[in-house]
Structures are given as structure tokens and as C-alpha cells.
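Okay, so here's just one chain, in C-alpha cells, the form predicted alone.
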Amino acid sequence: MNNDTTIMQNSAYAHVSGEAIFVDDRPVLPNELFVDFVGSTVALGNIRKIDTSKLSALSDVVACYTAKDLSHNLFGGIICDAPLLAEKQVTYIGMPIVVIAASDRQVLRAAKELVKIDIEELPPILSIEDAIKNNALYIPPRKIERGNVETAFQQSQHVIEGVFQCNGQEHYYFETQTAIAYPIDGDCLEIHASTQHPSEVQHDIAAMLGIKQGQVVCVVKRIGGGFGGKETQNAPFAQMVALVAYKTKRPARIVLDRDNDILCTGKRHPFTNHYKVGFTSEGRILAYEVDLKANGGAYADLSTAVLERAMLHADNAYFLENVRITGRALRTNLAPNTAFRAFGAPKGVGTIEQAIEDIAIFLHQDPLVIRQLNLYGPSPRNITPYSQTFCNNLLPEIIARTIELSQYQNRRSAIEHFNKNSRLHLRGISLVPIKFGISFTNRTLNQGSALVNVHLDGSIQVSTGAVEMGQGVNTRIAQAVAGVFSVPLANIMLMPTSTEKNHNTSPTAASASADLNGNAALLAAQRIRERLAHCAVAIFTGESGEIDLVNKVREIDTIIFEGGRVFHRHHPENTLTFSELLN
């Protein structure tokens, strides 16, 4: 660590030593309750009867709740269509029906077995194909279109059709879905949750209990991985412990075991995409049509946004003059699928890349030649199907330079020679561009907030809306603030994310949280440094009394913060430590 440019992730030692505190590492309080739920054993069915009468035989069972105990029972990241607890119908295996609270974990496991739920099983819709047959859509199909696709296909020398399929994927974060709720004076709740979206947890709990959002504080120190799986889907489990804590006035904790977590939470969306591409004999694409179909599961969750992101990446890095992109988010009887890293983009990118591979095979060409031929280029070949203009498109130059630096052609020739002479092994090489959109497609979410507190000893506490899940967002924000004040990184303490300090926040997602929240922290720190610079001007010039902020604005540029010290540009011999200036 002698290299000053090398910065360690600020929780690295705590992680490897086991000292890092995650939600379930919080000590169990003497009167704390353990919470779990009984879920559906079928993918689709009508609930005939819920029998919890046998729970009375277990003295350690403190409470059980069903949908009738909730003030509000419909939630969703975009469309509010998902019940917290099933009331009349179950729509996927594992769907929560009854919440149970007990003072002993072993008793809680036994109690789940005593709950009897009579369900009339119905034929489920599980596949994209069945969903299409049943016209099971959340919203009408979305479409992006440019040019005259039909005419372009007629004018194409060659036309190829194909199907790109990509199945789901489990997030498999180290820390499963977990939450603890503590009752506080004044009918308030403090929630510690493993979530990427503390504000959603806060708002959903308030709605479910019929209380004000200000009565709920959600705190997140760190989470043990998220990858999108905790953007919306931790909220139901936080709601369960909040329900128990609010009703019983006792702390409540839920920690899903791995099997249950996998069973009842959503995955990456499976997609089946049909495409059709028309092209010239040299490989230039004249027409492209693609129909993206996403398996969203039982409720909308973020499926419509995931679908839109896939549509916005359907062109990847290629100019498509005549294009039609259709997208459908389909309702099935799987656990509601949700955000996953890249958020739909791989489905759009993968489809057109497969189409390019098809073209290359058809024309007996290197796929890289086809890719270079169709790249976004100078005007007018720099406008996307959704009318965004690339103003600084360096993609052709980047690809050309990469080919040169990687010695691509020599390596490809060597691989071809190897494959001709090998009977047991094959080698391959591919160079593929990726265009990936940073930030939320819902522009309102592209905002961050920060609270910076500077203490008299020079230590600085920073609170933002970003959640640390191992990606190092806190380290990057700490670097930004330390740079503003020119103090050691050790002076910066990143505080737990809390809706009490940073409210109405966006989720930590979309590859933008460090930029959004880091810039908020940067702006806050700069405002404080400016105020300190005004004070320094008065100190170094010997002035006293009220500081004339209007006339001193230009003079603050003469105050230098460097290496933990502060001095006047024209009188560097007179210096103060950062702490001395604060005092």
C-alpha cells in the first residue's frame, strides 16, 4: 500500500476479518421476535380456507397475520399490482399468505408446519409461449420504429430470420433477504434492512400500516450483495417485520434461508426474441426487425422498465436506418422477476449480435468485418432509433485501435491454422463492441443527496442516499470529499444510509449511484469549504467582526487547502491546520 494512488475499499479489512456488521449480525434483544411466512405450494390457485387454529398450542408463537390485518395490500415499483399477502388467490409458488412471529426460532419452524391452507389448484401459465397464447400482458406492446422497414426488406439482397433465447438467472447474493424492525416512541419504527432502496422500504411500510412516512426510518449500513435483487424485493420482508413490530410493540427479525429466498424471489427475466435482418452482399444492414418478449412473472415489479431498457439496447453499437423494435412484458405464474445487473440490456445486445453472427456465417466473413461496416459513424449515421444523437462518437476509432493493439488479425490467422490441424480442440476469438446506457430511464430518479458534517477535530461525516453493497460506492464518495478539503482519507467517515438524513432517494442502481450521490457530497463539501475560506480570509488579513461575504467572494480564491493545512496564496508562511481553522 505504499503507492499513494492505490486506495483500498474502506470496508475491506472489516470484510475479511469478519468485523463488518450486516443486518443479522445485530445482537438479538431479549424480547425480540423471529418472523417467517407460509407461502403457496402451487403456482396458481384460489384460496378456499386458511386454518391457523393449531398455532394456539405453541406458547412461543406470539402472533400470526393475514391480508385482513393490513391497511393496504397492493405494492409495486411501477405498477401497484402485487399483494404483500395473498388473500383470495395465489399466483406463484412461495407467494406469502400468512406471517408468523415467535420468540424461538425452532418453534417458528414448527409453527409453519401447523398452518393449513386449502387451495384449489388451477392450470398456471409458466412459459412465454403460453403467455402469448393467453394474451397475458401487463401493458400494451411497446414499439420503437424508424424508416420504412417493409420496403427495406424488399430491397435487401439477403434476409435472415432467427430466435435468441436467454433464460433467467438467480442473483445469489451472499446475504439473503433480511430485515429487523424496532418499535420507537411515538408509534414509530426503525427498520434495518438489506435493501438497495431504503426509501421504497420506508414508503411501503407506511402504506401497509396506514401510518405517515415520517414515522418510519429505514437504515442501511451495508448489504451483502444485491445485483438488483434487493432494489424492490426486500421491501415485502421488511414490511413483514414492521407489521409484527408495530402490532406487538416488540423488535422483530426475518432472515430468509437460502432455499426460501430462491423460491419466492424473482430472477433475471427470461427473454425469447424473434428477429429478422435484411442486408447487402457486403454485409451492410438495411432492415432490422425484432420482437422482444420478457417473462415478467406474476406481478409487474420492474418488468416494464427492464423491457424498455432491452428495447433501447436493441441496436447495440450499430446504425439501423430502417428498424422496428417491439417489446412485450408477459405475465406468468413465476415469482415476479426483477432488476438484475445490466437491467435488460444484454437481451437487446445479444439479439443483434446473434443476427450479425448469422450474417457473417451466411457471407463467409469474419463477424468483425460486419460489425465495423455497421458501426455508428459520423452524421447522419450517428442517430439511434429513439432519436438520440451521438455527439462524440469515437467507436470506429476505438475498434480500429483495439484491432491494432490486440494483433487481432495475426491471432485470428493462428487460430484458424490451429483449428484446421486439431482433432480434439477448438479455439476462437471475437471482438464485440457494447453500448450501455448509464442512469435511469425514468429521469426523475437521476438525482442524489448528501449531508456533510464537519467536526472541530477535522473529522467529517458524510451521509448520502447510496447503499454500499460491496461495489465501493462509499470509498469513491469519501475520496471526493477528502479531495475537496485536502485531508487524509481516514478523516472521512461514511455513515449508514438513512431515510432520516437522506429521504425520497433513488435506489442504488443503474450504474449511476456513485456519480449522483458522489456529486451531491462534492457540492455540499464545496459549499462548506467556501464558508471556511471566507473565515480564513478574515483571519489571514487580520480583519475582525462580521465577514462581508459580498466583497470577499473573489478573495476566497486566494485561500489554499493543501495537505491538511490552510494558507493564503500570497502569504504561504502563515498556515493553519484544517482543525485550527475549524476552531
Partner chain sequence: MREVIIFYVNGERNEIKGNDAFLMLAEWLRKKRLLTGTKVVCAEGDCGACTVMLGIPIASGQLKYEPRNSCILPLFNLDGKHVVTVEGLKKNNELNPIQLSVARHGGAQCGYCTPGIVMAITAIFEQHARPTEEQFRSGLTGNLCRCTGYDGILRAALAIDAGQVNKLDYYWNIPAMKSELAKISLDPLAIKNDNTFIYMPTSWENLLQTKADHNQAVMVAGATDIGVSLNKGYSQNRKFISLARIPNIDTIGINDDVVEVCANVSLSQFETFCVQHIPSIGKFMKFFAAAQIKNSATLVGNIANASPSSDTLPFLSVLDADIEIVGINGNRRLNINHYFLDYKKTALKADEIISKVSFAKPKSDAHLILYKVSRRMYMNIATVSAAFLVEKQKNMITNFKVAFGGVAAFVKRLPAVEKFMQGKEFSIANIEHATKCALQTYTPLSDVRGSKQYREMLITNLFKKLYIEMEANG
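Residue numbers count along the first chain shown, from 1. The shown structure was predicted, so the numbers you read here are calculated from the model rather than taken from an experiment.
The protein also exists as the form predicted in complex with its partner chain; that form is not presented, and the subsequent description refers to it.
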- request: Classify His417 as contacting or not contacting its partner chain in the model of the complex by the rule of any non-hydrogen atom within 4.5 angstroms, answering yes or no.
  value: no
- prompt: How about Arg284: is it within 4.5 Å of its partner chain in the model of the complex, going by heavy atoms?
  reply: no
- prompt: Gly470 near its partner chain in the model of the complex, any heavy atom under 4.5 Å?
  reply: yes
message: Contact with its partner chain in the model of the complex for Asn574, defined as at least one heavy atom pair within 4.5 Å: yes or no?
response: no
query: Which of these stretches, 101-109, 145-153, 379-387, 507-515, has heavy atoms within 4.5 Å of its partner chain in the model of the complex?
result: 101-109
query: Given that its partner chain is left out here, which of Leu58, Leu523, Val28, Ala538 has a heavy atom within 4.5 Å of it in the model of the complex?
result: Val28
query: Looking in the model of the complex, is its partner chain within 4.5 Å of a heavy atom from each of Ser17, His171 and Phe227?
result: yes
- prompt: Though the partner is not shown here, which residues of 242-265 have a heavy atom within 4.5 Å of its partner chain in the model of the complex?
  reply: Arg253, Arg258, Asp259
